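A lone chain, given as structure tokens: the form predicted alone.
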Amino acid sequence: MAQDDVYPVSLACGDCPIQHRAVCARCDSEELVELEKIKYYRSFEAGQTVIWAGDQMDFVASVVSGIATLTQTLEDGRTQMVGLLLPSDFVGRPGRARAAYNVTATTDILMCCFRKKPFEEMMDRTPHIAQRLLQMTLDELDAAREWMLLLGRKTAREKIASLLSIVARRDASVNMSTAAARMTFDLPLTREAMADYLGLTLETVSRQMSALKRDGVIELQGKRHVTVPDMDRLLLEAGDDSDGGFLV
């Protein structure tokens, strides 16, 4: 486990910005009090390794703010990014002793951690926590299948548009705002990280971002502040329809 900072301020569950999406979303007040007793916060700086693959996991956690990457490394040192952790995503697996992936903070992140054994015991007593975790796991599986299609079949322009639409919709969900025709958000990834995740070169990412801006699909302030004037158009550029499904 990488060295980290225990977050100095305890955030009450009722004030948590991700509580409506997190594993504890269906907990009542008594259950939230029980969770308060087994939780603590950890913060990590951008670029810091949160978890190494193979680490003994004595906690599970939800990402409260920021973004992290999931990577796997082959024996010869080659590394592949296999997923992103966005706010409200769950880290770790109950019943699994060791981490399967490296987790690295892409931005500064804050994690709400639960001591693993007490959390597993609470899952046994509280079926809807297990049900919520199952739902989140199935959503993660659906996202992984979508990403397989994206990496295997989509053009560079469609890949960029897809990533922008994913971040825009998650930003709206976490902030409990309704997805609108016009959306504004801060892109949490550098161009280099986007290239790594999408299997593109840095030059291709920069060229496609500029093309989307030139064509009026997005507006940019600096490299990170993105405005989407027409979300339906972005989804079409991504090869998706207005419901987020893929066009056939």
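Note that residue numbering follows the sequence shown and begins at 1. Bear in mind the structure is a predicted one, so any value in this text is a computation, not a measurement.
What follows is about the form predicted in complex with the DNA, which we do not show.
* To do: Please pick, from 130, 149, 143, 156, the one residue with any non-hydrogen atom lying within 4.5 angstroms of the DNA in the model of the complex.
  => When the DNA is considered in the model of the complex, the option within 4.5 Å is 156.
* To do: Run the contact test on 192, 202 and 206 with a 4.5 Å heavy atom cut-off to the DNA in the model of the complex and return yes or no.
  => Every residue of the candidate spot has a heavy atom within 4.5 Å of the DNA in the model of the complex.
* Asked: Heavy atoms within 4.5 Å of the DNA in the model of the complex: which of the stretches 50-58, 32-40, 63-71, 216-224 has them?
  -> It is the stretch 216-224.
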